[in-house]
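A single chain, nothing else alongside it, follows as structure tokens in the form predicted alone.
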């Protein structure tokens, strides 16, 4: 199936792209892994696309200043997956990127494009929910930083205004923090039935602070601050894993799904959180060796 006719422009500068975006019905095109399927299936009708191909190199960057990092929005999933910088600073990104689609999709799809599309089952939605970075929204008139929790309004609904482009993601990463990510799908490369991400900040071998996020059990990824707070000052143990697993299962209320019933998703959420925590605990043990 072919899309409805639309205009196509390929600006050479960011300023030119933002100027063209002021026209109603114009959409930015980066990797095209989200927008083009919608157009081909006639699920979206637009006036035209603004191809970012010439601009993308300037929006592919990794920046670091003490505990703060910045990521350019046109980094591909593949570039994130194989980044040595992120492997050292926040391996959660490479852990999640490994589950995204297939190699061809990862080579073309971009971090910013996925966040702009805001599919609740996308891996980056879970990562952003867990880390709550600043999403940098740039228009011809202003640069607007917005926390991810304020940016995401609902499934495939964001605070991104017409004419704005996501140009970067900025976040603070506390020291002595380990991460874990686990996902389950029917086939490799499919959208996840459910996924879980965790971060654990350590005070030597005790848990100082933890965060937990789960997708696939609600219309957007969920966080569990009360459960995470109960982990503070605990030592990692099998009993603690079982306690958290049971608490997650009791806290989620998945909707009916054509691929999995609520009871299965509830159990799966607990199992995936347990697996993600095992990764974070193991990473801390390895760091101490």
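Residue numbers count along the first chain shown, from 1. All values reported here derive from a predicted model rather than from experimental measurement.
Another form, the form predicted together with a small molecule, is not on view; read the next lines as being about it.
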Check: Just to confirm, residue 117 within 4.5 Å of the small molecule in the predicted complex by heavy atoms?
Finding: yes
Notebook entry, point to check: Is residue 105 a contact residue for the small molecule in the predicted complex, using a 4.5 Å heavy atom cut-off?
Noted result: yes
Next item on the list: State yes or no: in the predicted complex, is some non-hydrogen atom of residue 202 no more than 4.5 angstroms from a non-hydrogen atom of the small molecule?
Entry: no
Next item on the list: Classify residue 262 as contacting or not contacting the small molecule in the predicted complex by the rule of any non-hydrogen atom within 4.5 angstroms, answering yes or no.
Entry: no
Notebook entry, point to check: Would the small molecule in the predicted complex be within 4.5 angstroms of a non-hydrogen atom of every residue among 29, 123 and 165?
Noted result: yes
Notebook entry, point to check: Which of 100, 169, 207, 173 has a heavy atom within 4.5 Å of the small molecule in the predicted complex?
Noted result: 100
Item checked: Residue stretch of 79-87, 107-115, 140-148, 213-221 approaching the small molecule in the predicted complex, non-hydrogen atom distance within 4.5 Å -> 107-115
